[in-house]
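As a starting point, one isolated chain is supplied in structure tokens, in the form predicted on its own.
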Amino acid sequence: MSASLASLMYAFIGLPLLAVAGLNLAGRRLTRRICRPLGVFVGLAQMAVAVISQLLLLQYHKSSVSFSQFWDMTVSDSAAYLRVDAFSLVALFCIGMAVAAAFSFKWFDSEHNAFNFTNMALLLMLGLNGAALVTDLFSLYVFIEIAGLCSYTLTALYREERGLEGGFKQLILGALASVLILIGLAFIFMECGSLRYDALALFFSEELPLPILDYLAFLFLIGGFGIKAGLVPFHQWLPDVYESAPAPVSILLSGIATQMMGTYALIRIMSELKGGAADPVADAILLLLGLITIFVGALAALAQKDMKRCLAYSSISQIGYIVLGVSCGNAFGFIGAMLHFFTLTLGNTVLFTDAAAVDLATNTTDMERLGGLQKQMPLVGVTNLIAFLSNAGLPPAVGFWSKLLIIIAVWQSGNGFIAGLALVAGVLTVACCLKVQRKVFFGPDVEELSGVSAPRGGVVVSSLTLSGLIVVAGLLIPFLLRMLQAQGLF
């Protein structure tokens, strides 16, 4: 079984590589014809492979499967190898979903931009896939850097002033984050002599309390990945980038790239290195950062006048919940953080797809110039509401369960007051949702927008499908939790 499942895993690296090669061999004449179906196909194919792999893992009662992509196919102990487990498969599913959504509607104004976007988006996908599959910290850093370079390029794709400014901010802060991460990795290697997850987990389980050098390493890693995730106080670049980036780029960045380069890395590092054990210093830092991020992001979202900036700050707030779950150091916390990672990817992909639809229809995302669009764009208004309520943590959406698990985890870790604050903060997300709904969809009719019609085709299909998945996943989560409980995971 392991060999057959491992052969299926080759698709996660092979699919985007083959797609890039095929696109460049086809030439620019065919770009506008094949780029959209190619991107959608690769995204959907990855989603299908991730689901099949997850089912095979459950069927054969395996927690993970290791494999090699280009070398030593027997995966000997001395070989560098890749690995999939339940969390990495969730991340790979989310990557495919965001890529398919980004390619789902026609926006390219020239063959040049279409060609460049498709190449960069597929290479971004390759970098994110690699980050989900690797088994050592340095490889994680390398693949995140590949994804980061692609994201800078995509933000500045149109070479307009705002896009160039956003890409430049990403580049500068990304470089600072890379320096912090490399310093943290150097400290860990000096102390442990290895950067492989399994070796580090063994080392940290035997070295409690940790040496001072390892505490410094955790601080640098939290700072570096905190910048990439957009945690407060490292968050200022994120709203500017989401607002200035072209529509499909903002879907990619908000839907998956920021989560993978920041929050996924934090979850993976803290779960692998600490093995789920509590560490007072690192956990306290993450707890404080998570709580501050939740409130600053939510309050800043309420103050915004631009729809995309409002969604960006709301996204920052939701990232705070993921970090809060990671800080608990218990099973509920990590499962809740992983589930909220999935929730946020789903919700952000829908919200920014809807924002792109509004922008395409009205040529603006300034909420002061919008209003009454529920009549012309009823489906967009409904899907926007579903995604927002999921992020806010209201049933029956999947976000209810992820936030519930995180709040229970915080309570179990002995921080009942902070659990109450996190619960109350959900009201701010609801207020943000009501503001967007009132300003954009249910506000007074704007005469200039009377002739507006909603985009059709891929935009509607993508948004409706994903918002339906939000509800369906919310209904299925209780059964999944029962199954995890039966397996003794919590």
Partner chain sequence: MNAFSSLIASGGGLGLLLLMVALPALLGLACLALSRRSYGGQALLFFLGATVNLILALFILFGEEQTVLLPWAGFEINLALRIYGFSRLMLILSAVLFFLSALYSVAFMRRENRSGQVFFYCLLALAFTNGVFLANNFVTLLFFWEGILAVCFAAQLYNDRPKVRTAVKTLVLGAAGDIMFIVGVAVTAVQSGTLMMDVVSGLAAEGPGALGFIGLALGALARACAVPFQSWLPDAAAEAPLPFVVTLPVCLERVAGAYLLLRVTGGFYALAPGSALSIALMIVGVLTFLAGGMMALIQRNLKRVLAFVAIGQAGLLLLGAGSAVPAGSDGALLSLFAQVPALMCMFFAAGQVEQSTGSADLRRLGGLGHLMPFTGVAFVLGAACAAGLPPFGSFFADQLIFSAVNDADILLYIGSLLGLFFTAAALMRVGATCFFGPVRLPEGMEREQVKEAPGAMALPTVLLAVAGLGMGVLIGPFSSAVRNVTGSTVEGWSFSLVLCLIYVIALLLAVLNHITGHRATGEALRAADHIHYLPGLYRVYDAAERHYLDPYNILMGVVRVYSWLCRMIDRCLSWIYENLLERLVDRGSGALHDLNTGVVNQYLLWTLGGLAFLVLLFLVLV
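Numbering follows the first chain given and starts at 1. Everything quoted here is computed from the prediction, not taken from an experiment.
There is another form of the same protein, the form predicted in complex with the partner chain; it is not shown, and what comes next is about it.
Looking at Asn330, Gln304, Thr362, Gln374 here, can you tell me which has any non-hydrogen atom within 4.5 angstroms of the partner chain in the predicted bound form? If I apply the 4.5 Å criterion carefully, the residue I get is Gln304.
Position in contact with the partner chain when the complex is considered in the predicted bound form, options Glu368, Asp85, Glu165, Asp198, heavy atoms within 4.5 Å: After the contact test, the surviving option is Glu165.
Within 4.5 Å, heavy atoms only: does Gly127 come near the partner chain in the predicted bound form? No, Gly127 is distant from the partner.
Quick check on Leu289: any heavy atom within 4.5 Å of the partner chain in the predicted bound form? Contact with the partner chain, yes.
So, Phe234 and the partner chain: in the predicted bound form, are they within 4.5 Å at any heavy atom pair? Contact with the partner chain, yes.
Taking the shortest heavy atom distance, is Asp240 within 4.5 Å of the partner chain in the predicted bound form? Although the partner chain is absent here, Asp240 would touch it in the predicted bound form, with heavy atoms inside 4.5 Å.
Establish, in the predicted bound form, whether Leu173, Leu176 and Tyr215 all lie within 4.5 Å of the partner chain, using non-hydrogen atoms for the distance. All of them do, each having a heavy atom within 4.5 Å of the partner.
So which stretch, 143-151, 341-349, 217-225, 414-422, is the one near the partner chain in the predicted bound form (non-hydrogen atoms, 4.5 Å)? It is the stretch 217-225.
Using the arrangement in the predicted bound form, list in sequence order the residues of 309-337 with any heavy atom within 4.5 angstroms of the partner chain. If the 4.5 Å heavy-atom criterion is applied to the partner chain in the predicted bound form, 309-337 yields Arg309, Tyr313.
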